[in-house]
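Next come structure tokens for two forms of one protein chain, structure 1 first, structure 2 second.
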Structure 1
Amino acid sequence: MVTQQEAGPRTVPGPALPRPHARRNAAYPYGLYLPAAVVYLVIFLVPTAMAFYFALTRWTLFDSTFVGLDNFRDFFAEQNLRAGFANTLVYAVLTSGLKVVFGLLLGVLLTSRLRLRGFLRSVVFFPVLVSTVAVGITFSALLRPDTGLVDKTLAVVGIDGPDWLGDAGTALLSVALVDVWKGVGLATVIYIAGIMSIPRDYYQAVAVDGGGAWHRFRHVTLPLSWPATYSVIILSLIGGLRSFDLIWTMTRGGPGFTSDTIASIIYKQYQAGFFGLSTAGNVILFVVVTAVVVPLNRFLAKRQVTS
């Protein structure tokens, strides 16, 4: 008896070839990325490539001349660059560290059973909504040595306040504290989201074992809010390394060059008309931020604790 083989396109053994409509379906999700890819290309990649090119030129708004690495050599020869690097690192580490500490404490407080919890959350987050330039101008007036409200308040209790922004020893610290005041609201919101995502079962387990508030914080909240800590550290550190507007509105890098950062040095070169030199500074700042943040990001990611 002869059996008839089923007719069909497949005549040899092996994996089935994808059909045309299946290939179209596989390509369909990638098409959704296209608008975002175009925006990313136009807004980020093209300006970045142009910045790398113009860093190698001496240019005006209408003309450019290729000068190789001369701009980088001149930028590294800047006399106050070493102080600017040191100030940038101190500023970034100090502001990010304080935002982590205060953001965590406020996050714990504002996720507890406070009666005015919603109102206090709004108060803490409000400075984030205010323009950085407006904050800088306002605090410049508040910190004036003779007429500022801060020194006048200290005088009431018999304390002679320093010249917060005019003294070389307090200028950078004063700006950093104002930066923390303005940015801690965002850190607090991130911590609130992280703490509220922790399963309640862990707290109940600590309570069953007789643990108190400190044990709940030490053994549950602190380790399981690590994703929030990780985010706050990375965001605050990047912001601190690139910080410019608050420093410029409050001290303009002074007194002298004592509160200069890399960003303020770059801006001064733009003001002086050295566009190629300042663009080279921007490229160096980009490399510095990448060199600091990428290894730190990997280190923090390895310490991630999952619930």
Structure 2
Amino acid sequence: MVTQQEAGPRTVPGPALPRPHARRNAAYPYGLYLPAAVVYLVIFLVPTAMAFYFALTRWTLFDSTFVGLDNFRDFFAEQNLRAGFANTLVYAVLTSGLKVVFGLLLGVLLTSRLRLRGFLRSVVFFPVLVSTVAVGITFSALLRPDTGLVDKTLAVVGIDGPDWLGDAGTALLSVALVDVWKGVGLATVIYIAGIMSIPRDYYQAVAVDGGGAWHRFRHVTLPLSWPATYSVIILSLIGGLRSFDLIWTMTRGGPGFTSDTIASIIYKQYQAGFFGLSTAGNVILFVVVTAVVVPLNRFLAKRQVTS
């Protein structure tokens, strides 16, 4: 076995460079920040602050009445919220887990010496380019029980396929698998970049020590592509927690409430014209995503340094 080595030379914070023209240096870039800062302020910070305010009101677009924390109480009393939370977590963990596994496998496959490597890379990446709504509509058609291609194919081998999206047991799972199909290309690209950046020396070292393909994967590729894994997990987990478009186009949270996620519950409140209530839901989603992702980010970043 290869002994654990330091992964490349570490950059050491050097002595601070002398700053001869500190005043001018500071003034020039700050001025350039301004347009971006104004845009950021107007289209991000101001609406965010307004959202935090409107979450506390009963808001009909015509007028708003301050109601304190009523909206938050009502949102937490939402009957399908518990299921929605559970679904959101299951969906986020399932999709990001599968994206890590498939992304890594495809990444390894597509960095190896294959004849059709370039072509296969585009094939894997292609779904990422397609609009999510289009993917949702396409798969809704493919998964239909009577005329859909999936069940027709299953019927050929004698399997009576379920009503994928119309059955409470399979609806969320079907959407999650489609999400993986669509998102795995991006994970693969991240893994390809990660694997390509691993210095060849390590593989040569494994070869010298008599290790095979499995050893190369287990002791070099897997640990040294950790930064890629880390990016894939964070990106797909945030995406999964906010997941909405695919679920909405494929099941609308149904049948009944069985595939509702937090985002689809929020959207339903908005649809019903309960703007204050749906804003409160958005504030809660913001807090939840932050609460999940910030500690996870720290945890993963720590592992990145030690590995």
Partner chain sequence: MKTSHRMLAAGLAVLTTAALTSCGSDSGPAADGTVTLSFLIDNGASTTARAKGLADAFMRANPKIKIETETRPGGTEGDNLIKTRLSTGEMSDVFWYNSGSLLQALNPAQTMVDLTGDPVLADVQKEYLPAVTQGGKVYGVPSGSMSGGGILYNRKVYDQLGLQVPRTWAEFMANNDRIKAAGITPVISTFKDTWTSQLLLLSDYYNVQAAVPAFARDYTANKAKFATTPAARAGFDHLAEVHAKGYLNDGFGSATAEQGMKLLVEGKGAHYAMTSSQIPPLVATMPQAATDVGFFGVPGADAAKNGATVWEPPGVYIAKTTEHLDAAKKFLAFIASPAGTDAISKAVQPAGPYRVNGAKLPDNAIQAAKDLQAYLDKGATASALEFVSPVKGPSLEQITVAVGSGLTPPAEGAAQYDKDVDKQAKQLGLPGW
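Keep in mind it's a predicted model, so treat the numbers as computed, not measured. Basically, rigid core = biggest C-alpha set you can superpose within 1.5 Å across the two forms. Just so we're on the same page, residue numbers count up from 1 along structure 1's sequence.
Visitor: Just one question: which structure is the form predicted on its own?
Guide: The form predicted on its own is the one given as structure 1; the other form is structure 2.
Visitor: Residue 272: after superposing the rigid core, is there a C-alpha shift of 2 Å or more between structures 1 and 2?
Guide: No, shifts by less than 2 Å.
Visitor: Do you see a C-alpha shift of 2 Å or more at residue 34 between structures 1 and 2, with the core held fixed?
Guide: After core superposition, the displacement of the residue 34 C-alpha between structures 1 and 2 reaches the 2 Å mark, so yes.
Visitor: Would residue 43 count as moving between structures 1 and 2, using a Cα shift of 2 angstroms or more after superposing the core as the test?
Guide: Result for residue 43: yes, a 2 Å-plus shift.
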